[in-house]
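The form predicted on its own is given below as one chain in structure tokens.
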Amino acid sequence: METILVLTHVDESGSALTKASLEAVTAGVELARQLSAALTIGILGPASAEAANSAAGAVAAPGARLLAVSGEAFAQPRYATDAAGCEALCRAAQASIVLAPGSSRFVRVAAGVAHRLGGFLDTHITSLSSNDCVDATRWFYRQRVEATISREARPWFLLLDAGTHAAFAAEPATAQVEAVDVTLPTTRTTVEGLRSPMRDAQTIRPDAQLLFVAGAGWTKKQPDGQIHVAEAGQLILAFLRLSGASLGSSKSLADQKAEGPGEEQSVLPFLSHMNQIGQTGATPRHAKGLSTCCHGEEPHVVGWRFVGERRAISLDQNCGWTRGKADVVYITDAFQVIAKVNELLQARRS
């Protein structure tokens, strides 16, 4: 009989589980129900009691357990301490299947913990199912090939992609937490503080409701025969600031670079290949997406497959978005539309 452990960790506040952790709890509850297996939730954090209350409803079934490793050593991500804490939770749970969110904190340590326990690790899991055995689904080749993985070896570690499950939600309750002792190794890393970019500088926001994609049309000649890159940059950054959207880019725009003297091509300075969406870029999972000044070609649109509602602004009525690739297409000037939208958003804020 399988025993399932869901590894979770707290957010920056130290008193609540991250959204990705709650999504992993949902996956664990569903898989445990399918297998009629015992479920254990393990929490990593400086003080896990308050955070455990949000997951108490998941361990209401007989035989379910809630384990925690606590201490100031787990207040900040660190390979040595996090690996020791996860290993202690796994040994205490005696789990055959270990689920964890694919966060940077767990991606860093998962392979090492699996090796210490003689287990196997698979990453970027998007769904789990069970018939005669446990099947895990993931994508390969930039989300163009879907594979189903099954292993007989145990323990089997599975890192889940964010956004693939609903976050666990239940009435908060007082949880009965079992404290797990950890023998910490000697640490050489001291966290002295955090430095975060300003909100305007941070353009990639995975938790945003809206994905705003800029195409190469922003840097091309406009109806007046001139290029207005500076204005385009101001409009886009203002929209991101006012709406809280995440910024994406087409490959053609991300590839633009300044050429030699006399041939210099103006580009948007806040864009990088990290913003690129599509076959050779990212495949985000936002609820809504708005494409601007982009032709909507297939290598780019394939990166939109997990975006719920798609809309586009284009001057080309024969672009790819108008051929069934978007729910709504506005045939108009993106400069004018975004300027007006920014004005309305600013008025609403003030």
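Numbers for residues come from their place in the sequence shown, where the first is 1. Given the structure is predicted, the values throughout are model-derived calculations rather than measurements. Superpose the two forms; the largest set of C-alphas matching within 1.5 Å is the rigid core.
Just so it is clear, the following notes concern the form predicted in complex with a small molecule, a form of the same protein that is not shown.
In the model of the complex, the small molecule lies within 4.5 Å of some heavy atom of Leu315. The closest non-hydrogen atom of Gln276 lies within 4.5 Å of the small molecule in the model of the complex. Taking the partner from the other structure, the small molecule in the model of the complex has no heavy atom within 4.5 Å of any heavy atom of Arg91. The small molecule in the model of the complex is not approached by Leu242, whose heavy atoms all lie more than 4.5 angstroms from it. Comparing 111 to 119, 244 to 252, 152 to 160, 94 to 102 against the small molecule in the model of the complex, the single stretch with non-hydrogen atoms within 4.5 angstroms of it is 244 to 252. A single residue from the set Cys294, Val59, Ala32, Leu290 has any heavy atom within 4.5 angstroms of the small molecule in the model of the complex; that residue is Cys294.
Annotation: Cα of Glu30 displaced by less than 2 Å between this form and the one not shown, core superposition. Core-aligned CA deviation for Lys251 between this form and the one not shown: 2 Å or greater.
Core-aligned CA deviation for Gly303 between this form and the one not shown: 2 Å or greater.
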